[in-house]
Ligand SMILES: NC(=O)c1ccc[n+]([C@@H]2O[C@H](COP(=O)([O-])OP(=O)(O)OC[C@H]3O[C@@H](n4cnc5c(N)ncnc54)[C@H](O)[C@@H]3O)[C@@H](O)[C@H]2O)c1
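What follows is a single chain, given as C-alpha cells, in the form predicted alone.
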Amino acid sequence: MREAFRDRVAIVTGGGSGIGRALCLQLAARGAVVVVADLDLAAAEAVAGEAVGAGGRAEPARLDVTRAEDFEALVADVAARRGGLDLLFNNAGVGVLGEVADLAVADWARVLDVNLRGVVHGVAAAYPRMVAQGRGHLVNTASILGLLPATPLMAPYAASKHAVVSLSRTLRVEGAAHGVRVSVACPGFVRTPIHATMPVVGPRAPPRGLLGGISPEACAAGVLRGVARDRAVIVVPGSARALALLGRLAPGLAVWLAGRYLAKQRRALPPAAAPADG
C-alpha cells in the first residue's frame, strides 16, 4: 500500500483533528506530500509539524470549505507549486444532535454548508484539474449514516452524508472516462472531537459521547486501504459493513430498529421534557 501513495500530492480537509489528522499522518508516513487543510490554522500547523518531525513531507493551510473561492485558491496554488494534484480528501464535517422539530434553519444550514457544499466546492476546484491531468483520486468522507434508511436525532448530518454518497457514486461513473477515480468513505462510529463539539438542540437529543467507536487511526488505515484498492464505497470497520448490509437487505427492519432507539431515548427524558402528544 505504501507505493500507492509515495510522492503523491494530497490535500486533506479537516486535517487538524480526528480522521483528517490520522489521514495526514498516515499519508505522510507512506511517502505522500500532504497539505493539511483546516479552518483552525494552529491545528493544521501542529499536524504538519508532527508529520515532518516523523520524517514525512507536509505543510499547513488554512481553509474554510464553505468558501468556494478559498478552496479554488488553495487547489490552484498547490497544483502550481507541486506540478499537479493527485489526491483530495474532502473530509471536513460538522453535525448537530436533535429532533427535526427542535432544529432551526440555521442548524440545517451549518451542517449542509460544511458537509455537502464543502464537498461540492472541493470537487469544483479539483475535479476539472484532475480531468485535464488525466489522473487523480477524489475521496469524499460520508458516513455509515449515509447508507442507512433512517437515523433519528441526526437528520441534517445523515441527509448531508446521503447526498455525498450519491454525488460520489455519480462522479465515479463520469470520471472513469477521464482517468479520475472517486471513492466515498463511510466510516462507522469513530472516536473524534466532532462528538464533543456537536451542538445538542432541544431536550430530545441523546447526550454527547453516547456512541463508542473505533479510533481515528484505525479508521484512516481502513480508508487508505480502500483508496489504494480503488474501492467505490469504503465502509469501516466490519460492524459498519454489517449495518450497511442490514440497511440494504432489510430496510424495514433497519427503520424499525431506528424507531426503537428513538423511543428509548424519549423514555429516558425527565417527564417535563417529554414531547407533548399531538
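Small disclaimer: the values here were computed from a predicted structure and weren't measured. Just count from 1 along the sequence shown to find any residue number.
The same protein also has a form predicted together with the ligand, omitted here; what follows describes it.
Taking 4.5 Å between heavy atoms as the contact cutoff, choose which of 244, 68, 218, 39 touches the ligand in the model of the complex. Contact residue from the list: 39.
Could you spot which one of 28, 63, 234, 224 gets a heavy atom to within 4.5 Å of the ligand in the model of the complex? Checking each option against the ligand in the model of the complex, the one that comes within 4.5 Å is 63.
Using heavy atoms only and a 4.5 Å cut-off, decide whether all three of 88, 136 and 175 touch the ligand in the model of the complex. No, none of 88, 136 and 175 comes within 4.5 Å of the ligand in the model of the complex.
Residue-level question: is residue 199 within 4.5 Å of the ligand in the model of the complex, judged on heavy atoms? No.
With the cut-off set at 4.5 Å between non-hydrogen atoms, does residue 98 touch the ligand in the model of the complex? Outside the cut-off, so no.
4.5 Å heavy atom contact, residue 188 and the ligand in the model of the complex: Yes, residue 188 sits close enough to the ligand in the model of the complex that at least one of its heavy atoms falls within 4.5 Å.
Although the partner isn't part of this model, could you tell me whether residue 151 comes within 4.5 Å of the ligand in the model of the complex, counting any heavy atom of the residue? No, residue 151 is distant from the partner.
Have a look at 225-233, 52-60, 31-39, 249-257 and name the one stretch with heavy atoms inside 4.5 Å of the ligand in the model of the complex. One stretch meets the cut-off, namely 31-39.
Which residues within 112-131 place at least one heavy atom within 4.5 Å of the ligand in the model of the complex? Heavy-atom contacts to the ligand in the model of the complex: only 114.
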